[in-house]
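Quick heads-up: it's one chain on its own, the form predicted alone, in structure tokens.
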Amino acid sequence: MKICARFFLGLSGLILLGASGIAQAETMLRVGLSSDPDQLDPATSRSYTGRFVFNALCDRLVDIDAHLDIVPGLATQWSWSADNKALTLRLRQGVVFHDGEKFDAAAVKYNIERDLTLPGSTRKSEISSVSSVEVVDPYTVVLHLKNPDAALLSQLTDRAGAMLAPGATAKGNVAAHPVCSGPYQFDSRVQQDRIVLTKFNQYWNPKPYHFDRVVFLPVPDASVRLANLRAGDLDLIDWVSASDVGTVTSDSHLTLAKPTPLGYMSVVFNIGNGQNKPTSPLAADARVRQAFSWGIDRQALNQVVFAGQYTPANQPFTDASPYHVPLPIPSRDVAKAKALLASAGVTSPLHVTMVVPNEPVAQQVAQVIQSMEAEAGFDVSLQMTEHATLLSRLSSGDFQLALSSWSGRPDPDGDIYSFISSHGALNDGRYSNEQVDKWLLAARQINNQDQRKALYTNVVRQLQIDMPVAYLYFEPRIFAISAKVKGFVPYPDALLRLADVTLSQ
């Protein structure tokens, strides 16, 4: 009954769209989102689904391609100073915002400074290395940095690089009516029901964009979202559950798209966090943490919980990343796990407690690990905890083991520095290795990809020895698409890009 009720709720939104006067001849793409986006202001937005809307609404200074390489956006060229403390951007000419205001270097300065100073800005930390913005000429701008920041350009591929029209933005009410320069402009929004964008006729690159309107409809229930798609009331949906993949692939009217994911799930070991330093052998001896990792069959975990749809992991860098380290996923080795425990002087079973998010899938993952570890010499107790409480316990050190996830970032620094460096804000286990810190800092301060990859390879290999984190799998955001939709390309950041997407009638 719950599914039916939500299904008809979704339909009602579409009926309302028809009643609002959308002509039959217009082309319209209907996108089912897993949640309603929060504020439509790139500076304060926090939601994943909000990024779907921004991708259609707001051009960014730079973008990524399907291989995570940075490609031109509103900035057509960029260069670093010799000391890597100044980033010069050459801007695209002939671009106007949706209200007709011209895009130029002054607009970039306005947006970057707004992100840095706006109360409540969630972009501030992403570009905190910027000390000042210099307008060199109408189409050249220089970002001066407090310190080298190799991840800065990557930050500008997302909301920190989204450009709002300064004049309209200065009047306020941005979140309710954002004015950008993207291929589609804001039309209307009904909270929890729909966001409507219309084609921007003065867009600088109109040919790849084929819809008169794009409508985003939040349908939180995954089953209802899929039912709406199968009924023809949606054209594309995000976050198909692994259990529904078979339904999608067996339906000739649908196609499945599974981007190579950036985000990962891991087990974090508390090595030194908390008022009372952890005394467990897990904290004191890396061999015990290695034993725990050898006790996990990552392939079996993927098959049992995710029907083989996910990708086993042994590092934070997905194989879509140029920084991926080609280390084979370890096979489960119970004998090796027991030998490591014995060499560490541990009498098995070793009793340990793992904190787990109070979510069905996470619980299932934890229970599979619990069962595997029982054979490897560990007696794992599970503590199911509400997500916000789990985050608080991670920060305070109130845990021994914890199941912890990360959504992933295009630049490797965002996937490892905060979690592994001795002073990282998200280093919940308080792992500390002076050499690893040096490698991480060096990788942050140089821009040469080969040199950075060599440094990150050193780090990943050292983590196999120190084992502060046992990486489990990369989590894809799976799309289901009507067979009428052509040209959709899944990207590793799992965002919707509408260039060259068409819809047959």
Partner chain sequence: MLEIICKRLILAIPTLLLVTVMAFCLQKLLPGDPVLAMAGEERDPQVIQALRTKYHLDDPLPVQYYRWLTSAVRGDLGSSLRNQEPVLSLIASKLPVTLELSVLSLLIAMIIGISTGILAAVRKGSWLDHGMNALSLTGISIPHFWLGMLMILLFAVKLRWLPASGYVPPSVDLAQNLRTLLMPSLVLGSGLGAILMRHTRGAMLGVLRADYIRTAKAKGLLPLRIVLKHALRNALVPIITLCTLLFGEILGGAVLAEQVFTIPGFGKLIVDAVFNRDYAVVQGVVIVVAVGFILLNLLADLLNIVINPRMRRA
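Numbering follows the first chain given and starts at 1. Remember, it's a predicted structure, so these values are computed and weren't measured experimentally.
Below, we turn to the form predicted in complex with the partner chain, even though it does not appear here.
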Checklist entry - Considering the partner chain in the model of the complex, which of 87, 354, 227, 301 comes within 4.5 Å of it through any heavy atom? => result 227
Checklist entry - Which one of 100, 120, 308, 326 is close to the partner chain in the model of the complex, taking close to mean a heavy atom within 4.5 Å? => result 120
Next on the checklist: Can you tell me which of 345-353, 67-75, 326-334, 422-430 lies within 4.5 Å of the partner chain in the model of the complex, counting heavy atoms only?
Outcome noted: 422-430
Checklist entry - Might residue 476 be said to contact the partner chain in the model of the complex, defining contact as any heavy atom within 4.5 Å? => result no
Next on the checklist: Considering non-hydrogen atoms and a 4.5 Å limit, does the partner chain approach residue 466 in the model of the complex?
Outcome noted: no
Checklist entry - in the model of the complex, does residue 391 have a heavy atom within 4.5 Å of the partner chain? => result yes
Checklist entry - Is there any non-hydrogen atom of residue 36 lying within 4.5 Å of the partner chain in the model of the complex? => result yes
Checklist entry - Which residues, if any, of 220-242 lie within 4.5 Å of the partner chain in the model of the complex when only heavy atoms count? => result 220, 221, 223, 224, 227, 228, 230, 231, 232, 233
